[in-house]
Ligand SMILES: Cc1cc2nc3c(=O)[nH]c(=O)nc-3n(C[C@H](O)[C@H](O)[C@H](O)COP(=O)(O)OP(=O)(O)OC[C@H]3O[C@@H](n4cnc5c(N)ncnc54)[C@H](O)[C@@H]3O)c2cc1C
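Before any questions on binding or motion, here is one chain by itself as structure tokens, the form predicted on its own.
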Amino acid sequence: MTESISGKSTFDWHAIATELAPVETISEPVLVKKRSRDFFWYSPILNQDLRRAFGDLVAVPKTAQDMAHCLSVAFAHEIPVVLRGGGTGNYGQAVPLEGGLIIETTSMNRILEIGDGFVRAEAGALMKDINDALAETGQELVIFPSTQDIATIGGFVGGGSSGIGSVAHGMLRDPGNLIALKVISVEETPRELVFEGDDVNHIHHAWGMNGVITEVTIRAVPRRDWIGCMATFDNYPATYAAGYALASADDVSPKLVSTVDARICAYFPRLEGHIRPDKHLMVALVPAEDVAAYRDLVTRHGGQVDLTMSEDELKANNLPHVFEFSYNHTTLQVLKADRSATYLQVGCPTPPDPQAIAALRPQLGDDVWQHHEYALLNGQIVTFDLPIIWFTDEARLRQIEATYEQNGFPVFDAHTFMVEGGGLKNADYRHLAWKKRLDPKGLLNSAKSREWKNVRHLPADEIEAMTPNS
């Protein structure tokens, strides 16, 4: 019997690896443990909960047929399975709580087809590689994460919801953004299903619990000559107001708008000499033809334009993409210098209200530094606060969350590894119904759902009927 790395299984892992052949497997404990990690360490609570959770064996399929073979073996032996792409998730989505088999998708990385307004790729294809291939056709991804250099398209669909492009094109789940998903079931003879149109949301953002994504067809949009823009302001409410004005402007079409507290900007050393020190920052991506209108908007809102550079100019000045100062890359910039920081995910009143932001700021305390992302949701510009929190203990963290909630800012828990926390907040019974259909033994990442254990004994149609207003 091969020793269990996780300490949670009794399988003969040498025999399992032999049975998985010819699919490549990795059994070296150091490498298996490395692949049992994602970015959960952004949260000190998750770091405590998940740092000792490991898988036992890694399989690296190269084709959909390889994947189906892995899933058939797992089904036969009732082995827990976790899917892993680039490991950029923040909530432990790719962490194997029950030990077992980690299936790494990064060798399933072919870009299969590019057409007018779409790209079809295997789940393990890197977002950056897809964007680079689209660029040759004059197109780009409709939405992509700030971690595009290491994030896979399957991982983004499985665990993400918005990103660069959301201020222009909405959320990933919005009609037309995800065109089709090809999925394999976990059964004796795995089945292949295709979800199209609105049905993609039966699979999207389920953390790989309800079927294994093997191919993604996602919307592409005409590529524009994007200029990375940074402007600074004397106070944060003015920065926030400028962000809203930019996101909703008629004469500027940004694909990114972020606003960042001046205190956070002190953790951006690569911007030293490029932006005014001790000022609040607005980060944007603006089409070259709109830069003049962008400058006028910043001036009208009392700001100063500090930086407008193309991608080539950023490289020439040894500067990263401007989107590396947005979304949770902002958190990462701070964590590089000080691991005592963490973050929250908070919704804001709609429409964006600078006065509400100004009223809230003194209530939060000096250990909360605000940072807002702008997006299009249900046809309206909205904002999300991803503040830097200087962590002392969980009691203080929950007190900060309560302050937000009491002021009408809903909190989406960034410190839970359960899919019903975070962005979902409640159980998605449609997801769980499809899990029952495609994963009848409950082998796929089941420990990440509080509700699965309560419904797993029910037929799929009964589970789906539990959906409110279904």
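Worth saying up front: this structure is predicted, and the values here are computed from it rather than measured. In this text, residue numbers run from 1 along the sequence as written.
Absent from the display: the form predicted together with the named molecule. The rest refers to it.
- Scanning T342, S258, T88, T239 against the named molecule in the predicted complex with a 4.5 Å heavy atom cut-off leaves one residue, T88.
- For the options G160, G303, P80, G228, the residue carrying a heavy atom within 4.5 angstroms of the named molecule in the predicted complex is G160.
- Contact with the named molecule in the predicted complex, defined as any heavy atom within 4.5 Å, is confined among 260 to 268, 304 to 312, 143 to 151, 354 to 362 to 143 to 151.
- Taking the partner from the other structure, the named molecule in the predicted complex has no heavy atom within 4.5 Å of any heavy atom of F75.
- Using a 4.5 Å cutoff between non-hydrogen atoms, H371 does not count as a contact of the named molecule in the predicted complex.
- In the predicted complex, the named molecule sits within 4.5 Å of a heavy atom of A123.
- Residue contact check for F156: one or more of its heavy atoms lie within 4.5 Å of the named molecule in the predicted complex.
- Within 4.5 angstroms of the named molecule in the predicted complex, the stretch 104 to 131 places a non-hydrogen atom from each of T105, A123, M127, taken in sequence order.
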